[in-house]
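As a starting point, one isolated chain is supplied in structure tokens, in the form predicted alone.
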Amino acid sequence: MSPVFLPFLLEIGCEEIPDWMVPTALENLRLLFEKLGIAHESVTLDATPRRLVLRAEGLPERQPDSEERVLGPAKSAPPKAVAGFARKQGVAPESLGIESTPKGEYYSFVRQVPGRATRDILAEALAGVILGIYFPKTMYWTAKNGPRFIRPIRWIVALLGEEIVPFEIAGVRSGALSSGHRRLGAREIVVSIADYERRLRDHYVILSAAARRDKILSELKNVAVKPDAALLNTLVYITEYPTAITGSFDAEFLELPEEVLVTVMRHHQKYFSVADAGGRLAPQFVAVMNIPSDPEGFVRRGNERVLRARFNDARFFWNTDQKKKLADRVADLAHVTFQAKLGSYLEKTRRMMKLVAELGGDAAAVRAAELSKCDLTTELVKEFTELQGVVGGLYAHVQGEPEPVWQAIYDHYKPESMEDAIPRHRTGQLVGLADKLDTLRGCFGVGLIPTGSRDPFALRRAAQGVVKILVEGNLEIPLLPLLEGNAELQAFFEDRIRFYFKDIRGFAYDEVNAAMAAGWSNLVDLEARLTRIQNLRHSADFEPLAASFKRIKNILQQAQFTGEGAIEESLVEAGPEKDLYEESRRIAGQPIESAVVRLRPKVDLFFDKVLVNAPDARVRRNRLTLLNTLLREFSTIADFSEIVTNS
């Protein structure tokens, strides 16, 4: 009889999941399902704020039959023991086989194990799969020590073909009942795998995140919204039936800085801002509601009313803050805690000023460092924390600070991600470096080191920012001396540097390893060496020569060669050895690009014709010295023995 293959549907219905947790939860759900080991053709994942969905095609109705080998007593065991084992297996003793093992020969029996119904396997496993989905935070919703999930689970759909896969979590039984849109759909909807997505759509739930994204984008086409991929992603995962509407606000609010207005709209109201024909901020916004239409304009007017109140607050805070200059706020930082073990922001500011000077900053950079944290005492930043740094820069500008100073304050938190730009000028770059390095040195100094996924002080982001600023700002500032000899902090930076050059810049992992092995304190120099290695890799001579360097390094290590002394020319044998010696002298100090081509045939011939471990101790040492000289000549660029070769 031909095997039967069935589709599978799992929908976990719950209260609204935070939007930023959804993509990771879906991928985790996929991995947990794959771990069940049930064969399938494909898996599709979908989600809305109130449901996580996994659909799979091609699950076998039953798992295939298998064989299980059971070992019995030793061949030397008495007949009674053998008969007992056979009886337990349900066969006569003569049906048993003999199997050789490392411990001797044993009676054995191969038992046929019928494949289980896939539905039964799923019924046993799915509760564990659901509760095993990782979330940064989870909650009890029945009683303490009960099941934990990101939000209370309200319904579960679990179907294999046309049958329900039966299981239960916290009193919620699986079935074929889904739920529609919270406001517009039915509370209970009977679904099947065939009509599942259509039935949800009938009840105002667009299941596909891609479809919701496309719907929002299509409705934004006729409005000059400022692109915001992160906001779009948030809106996709906080709506089940998104619809864009355009609202307006009083043009008098445009007297406030654009950064303030956009932050209020984006972070606090989740609105897109709109540009006018000249690219400036227009007195409009686009909101995305979770219903299909707003024919009477109630939603639009409600959003306009809320935004007006938020803008009035921002204007009040802006005007209030202007009564006290940033310079007069420095002393107030003594009352703002940076970290309990590291003191106040005033103490941090003084450390930053000192560090900026050590990094070569001028008076403007030191002044920017002095004022950089003062906006933490302002009413506007207390209300809109996303604007720290930006507000300081804006206030410094209107209060007459020089352009390098206010721009450095404005930029010094940058980059906030790998996609973000570094501060625009050297002054801001130095202040940003000082800020991040002070945080890293302080936290590592008192043992606040990231572990696993925990990083409450965003130290990985700070270290990545240091790396990005040094490289992309072309700042040839040695990094190692700035880490105060802290071995853990050095190892932390090594990981961040490897990540940056491998995952962000696209260099091969062995190229990164090779270049870093020759030193990584000067990241501008490291980048230049990596580029040279990457370009050299296309040469036909490169990988064979790298393999030779690996051989040289192994020979020197096995000989425990210290590398002291100079080559004695009188001991150099005519032929391949002398050719290599003379070539090594010619290439000394020459560009590696030309040296590789010239050196490769000489090295190959040397290893082919010359015995390094010569019987004569002086000759042997001289040859080891020659190899060590070659290794040292190239080791300032990279440890080429780290390059992975085919040979």
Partner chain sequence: MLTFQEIIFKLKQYWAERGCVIQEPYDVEVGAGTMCPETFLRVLGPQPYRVAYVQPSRRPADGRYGDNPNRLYKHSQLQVILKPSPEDVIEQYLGSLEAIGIDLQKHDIKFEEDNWEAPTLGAWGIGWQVMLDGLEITQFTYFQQCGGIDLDVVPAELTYGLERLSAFLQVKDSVYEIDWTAGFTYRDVRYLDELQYSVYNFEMADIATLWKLFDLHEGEAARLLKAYDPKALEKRRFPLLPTYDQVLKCSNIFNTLDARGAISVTERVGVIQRVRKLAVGVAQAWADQQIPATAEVAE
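Residue numbers count along the first chain shown, from 1. Nothing here was measured: the structure is a model prediction, and the numbers come from that model.
Heads up, the form predicted together with the partner chain isn't pictured, but that's what we're talking about next.
A.B. asks: Okay, which stretch from 549 to 557, 283 to 291, 206 to 214, 72 to 80 lines the partner chain in the predicted bound form, with non-hydrogen atoms inside 4.5 Å?
C.D. replies: Among the candidates, contact is made by 283 to 291.
A.B. asks: Give a yes or no for Thr246: in the predicted bound form, does one of its heavy atoms lie within 4.5 Å of a heavy atom belonging to the partner chain?
C.D. replies: Output for Thr246 is no: heavy atoms all beyond 4.5 Å of the partner chain.
A.B. asks: So in the predicted bound form, is the partner chain close enough to Phe316 to count as touching (4.5 Å, heavy atoms)?
C.D. replies: The answer is yes: Phe316 has a heavy atom within 4.5 Å of the partner chain.
A.B. asks: So in the predicted bound form, is the partner chain close enough to Leu631 to count as touching (4.5 Å, heavy atoms)?
C.D. replies: Although the partner chain is absent here, Leu631 would stay clear of it in the predicted bound form, with no heavy atoms inside 4.5 Å.
A.B. asks: Using a 4.5 Å heavy atom cut-off, state whether Trp141 contacts the partner chain in the predicted bound form.
C.D. replies: Yes, Trp141 sits close enough to the partner chain in the predicted bound form that at least one of its heavy atoms falls within 4.5 Å.
A.B. asks: Which of Ala363, Val113, Val223, Val306 has a heavy atom within 4.5 Å of the partner chain in the predicted bound form?
C.D. replies: None of the other options qualify; the answer is Val306.
A.B. asks: Scan Lys354, Arg187, Arg198, Arg537 and let me know which has any heavy atom within 4.5 Å of the partner chain in the predicted bound form.
C.D. replies: Residue within 4.5 Å of the partner: Arg187.
A.B. asks: Note that the partner chain is not shown here; using its position in the predicted bound form, name the residues of 333 to 360 with a heavy atom within 4.5 Å of it, in sequence order.
C.D. replies: Ala334, His335, Val336, Thr337, Ala340, Gly343, Ser344, in sequence order.
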